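Take a look at this single chain in structure tokens; it is the form predicted alone.
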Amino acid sequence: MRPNNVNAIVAAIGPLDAQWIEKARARTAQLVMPPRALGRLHDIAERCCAIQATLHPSLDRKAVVVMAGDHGIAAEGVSAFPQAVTGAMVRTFLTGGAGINAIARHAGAQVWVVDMGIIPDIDPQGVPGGHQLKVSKIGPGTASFLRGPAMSRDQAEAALLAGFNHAADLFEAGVQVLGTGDMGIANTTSSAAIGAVLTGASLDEMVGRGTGIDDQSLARKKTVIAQGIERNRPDAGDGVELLAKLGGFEIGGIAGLILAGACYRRPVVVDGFISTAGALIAHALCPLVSDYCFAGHQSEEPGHGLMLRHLGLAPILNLGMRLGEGTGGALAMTIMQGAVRMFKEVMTFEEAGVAEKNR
């Protein structure tokens, strides 16, 4: 039976079975190549074996879920783009014309879009590509966390559960690996606030330019975050409270998706800065989720590396990307799929009739 509340979800998550890691490493040691000659590809493949509890892992059925939500903090002058861009980009995702669509086509991944709380109402029946849109609107955007909590605790829990259920639907339909994506003007502000609280980093270390703000706006962004944290005083030990006070509906959805990956024992590829804020919330609720997560890439946002280190994750790619949407995660899926195919398809020394090195 599918868990129906946050506590039940967390209770259903267990650690990886170390025996599967050892079994996978034993096969890796027999592959017809010098020991661990493909570096981190071996680590990726072995962890996929442990997650799926098999020496024949598969990542063929891939999907990216783009969680979308508007942020009240946008009214505080922290973004270079107007808030209307959020809804416009959701429509672009549905028509297949955004960065994530192009990269997902390359990776062979489905793209699903979830309205977690954007301001406009988009009817899936009335727009091109609407069959790819799921509506779980918690509200028409969050409140400004400079003035008080971004959302109520009940809304935070609803966002987590909605994200969990969307991911669970995909896993139950056969999806083998899931990527996280995001859309929401000003969501780097909420993400930086979450990152600063959970990692203990300074705002100078954590806060970046997001959509490309100038120096004056960057200083304003840091001030807004500092004042918002001071006003709300979130408990770093309570992931739901932290999400409610500083987060976004789409960040909660991403956190729920990551919890679902750990619950269903499926790998989740975490995208950039905003997705990693969602991973931080999930980790605050259940540290075991890191076992099931892969960091798709390290973004240009300065605090992203600090977030990843807090989670114990190393990025697969580092290409100077800062788009979000799930683009880095989708691209990294192709690397992961290559690692898994290498693990399964490369012969052992015995199968190839090749003498091993002198012992």
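We number the residues from 1 along the sequence you see. Since this is a predicted model, take the numbers as computed values, not measurements.
What follows is about the form predicted in complex with a further copy of the same chain, which we do not show.
Chemist: 19, 231 and 302: each with a heavy atom within 4.5 Å of a further copy of the same chain in the predicted bound form?
Modeler: No, the candidate spot makes no contact with a further copy of the same chain.
Chemist: Could you tell me which of 26 to 34, 302 to 310, 63 to 71, 46 to 54 sits within 4.5 Å of a further copy of the same chain in the predicted bound form, going by non-hydrogen atoms?
Modeler: Contact-bearing stretch, as computed: 26 to 34.
Chemist: Within a 4.5 Å heavy atom cut-off, is residue 10 in contact with a further copy of the same chain in the predicted bound form?
Modeler: Close contact is absent here: in the predicted bound form, residue 10 is far from a further copy of the same chain, nothing within 4.5 Å, heavy atoms only.
Chemist: Report whether the minimum heavy atom distance between residue 327 and a further copy of the same chain in the predicted bound form is within 4.5 Å.
Modeler: Yes, residue 327 is a contact residue.
Chemist: In the predicted bound form, does residue 236 come within 4.5 Å of a further copy of the same chain, counting heavy atoms only?
Modeler: Looking in the predicted bound form, residue contacts with a further copy of the same chain do not include residue 236, since no heavy atom lies within 4.5 Å.
Chemist: Verify the contact flag for residue 189: yes if a non-hydrogen atom of it lies within 4.5 Å of a non-hydrogen atom of a further copy of the same chain in the predicted bound form, no if not.
Modeler: Residue 189: no, not in contact with a further copy of the same chain in the predicted bound form.
Chemist: Taking 4.5 Å between heavy atoms as the contact cutoff, choose which of 155, 92, 199, 144 touches a further copy of the same chain in the predicted bound form.
Modeler: So the residue touching a further copy of the same chain in the predicted bound form, by this definition, is 92.
Chemist: Please identify the residue among 211, 136, 110, 132 with any heavy atom within 4.5 Å of a further copy of the same chain in the predicted bound form.
Modeler: For this set of options, the contacting one is 211.
Chemist: Quick one: name the residues from 59 to 98 with any non-hydrogen atom within 4.5 angstroms of a further copy of the same chain in the predicted bound form.
Modeler: Residues within 4.5 Å: 79, 80, 81, 82, 85, 88, 89, 92, 95, 97, 98.
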